[in-house]
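Only one chain is given next, in C-alpha cells, and it is the form predicted on its own.
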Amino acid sequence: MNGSDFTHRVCEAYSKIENPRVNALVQSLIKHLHAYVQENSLTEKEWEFTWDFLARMAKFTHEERNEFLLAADVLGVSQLIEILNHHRPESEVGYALVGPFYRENAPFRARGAAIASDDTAGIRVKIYGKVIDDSTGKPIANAVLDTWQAATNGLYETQDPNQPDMNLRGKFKTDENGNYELVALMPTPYPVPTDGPVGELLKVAHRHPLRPAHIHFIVSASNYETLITQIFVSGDDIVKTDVVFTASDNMMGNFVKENDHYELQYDFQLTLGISTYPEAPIK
C-alpha cells in the first residue's frame, strides 16, 4: 500500500461524520497532515520531537496562559483567521486577533474613568471618540467598549502579583450620541512569553519576541458584528516586525502629547450583523 492509498483509507474511516462542515474539516485536516508528512519524508525522530514539543506546550497551558494560542499567534494563524473572516474594506479600523491575555468579566467603569489603579506607574492617555455605523456614519448608543492592556513593565495583571485584580481592564458604554471616553496608560512594547516551547521556536527563527505598543479593544453593540481590534502608536518601528503579525496601517493611533499626559481621538466603525463575543483565554 502506498502513501496515497493509505491516506484514502484513513479518510474513509472518518467519512461517516454526520455534520457536513465537521466532516469536511476533518477530511481536509487528514489530507493536509498526511501530505506534510509525505512531502517532507518525516523521520521517526522528527515525529518524536513533534509530539514531545506539543506535550511541553500542554505543560505551559493553564488558566492564566495558553501556549497553543500563543503558538498560533506567532505563526500568523490567528491573524490569518481574522483576515479571512472579517474583511472590512469600508472601515478605517482593522480587525485583530484577541490575543492570549483577554480576560472575561472586566468591570464596567464610569465614562472618563481610568482603567489603571492610582499607584500604577506610567504616563496616562485620555482616549475618546465615537462608535458609529460604518455604512451610514450614524452614532451607536449603548455600544460597549471592552479594553485591556499591559503595564509599563510589559505584564498583564494576571501575570503580575503586584497589580490589583482587573487592573488595566474595563468596560465602557457610549452615550446617546455614540461618544465614549476613558483614561489608560500610554502603551509600551513588551515581549510575549519566551520561557516555553514557543520561545524556543522564536529563538531558532531569529525572531524578536516583541509586540509593538498597543491597547486592546472589543467593541460590541446589538445587531452589529463585534469588532476586535488593537490601537498601535503611529511611528513605532516595531510595527513592521510585530511578533504576531497583527499591527497594520489601519490600526494606528495618533497619540498627542498634552502637558503631563497624552490624548488620542479614535472612532470605531461597526458593521451590521450578528453580535457575538470571543471566548476568553483567561476566565
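The first residue of the sequence shown is number 1, and the count goes up from there. As the structure is a prediction and not an experimental result, all values here were calculated from the model.
Heads up, the form predicted in complex with ligand BEZ isn't pictured, but that's what we're talking about next.
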>> With a cut-off of 4.5 Å between heavy atoms, is residue 170 one of the residues that contacts ligand BEZ in the model of the complex?
In response: no
> Given that the partner is absent here, does residue 115 sit within 4.5 Å of ligand BEZ in the model of the complex, heavy atoms only?
Replying inline: no
> Does at least one non-hydrogen atom of residue 180 fall within 4.5 angstroms of ligand BEZ in the model of the complex?
Replying inline: no
> Is residue 146 a contact residue for ligand BEZ in the model of the complex, using a 4.5 Å heavy atom cut-off?
Replying inline: no
>> Please pick out the stretch from 70 to 78, 127 to 135, 171 to 179, 107 to 115 that is in contact with ligand BEZ in the model of the complex, where contact means heavy atoms within 4.5 Å.
In response: 70 to 78
> Heavy atom within 4.5 Å of ligand BEZ in the model of the complex: which of 100, 197, 187, 94?
Replying inline: 100
>> Can you work out which of 231, 239, 218, 244 has a heavy atom no more than 4.5 Å from ligand BEZ in the model of the complex?
In response: 244
> Going by heavy atoms, what in 1 to 31 lies within 4.5 angstroms of ligand BEZ in the model of the complex?
Replying inline: none
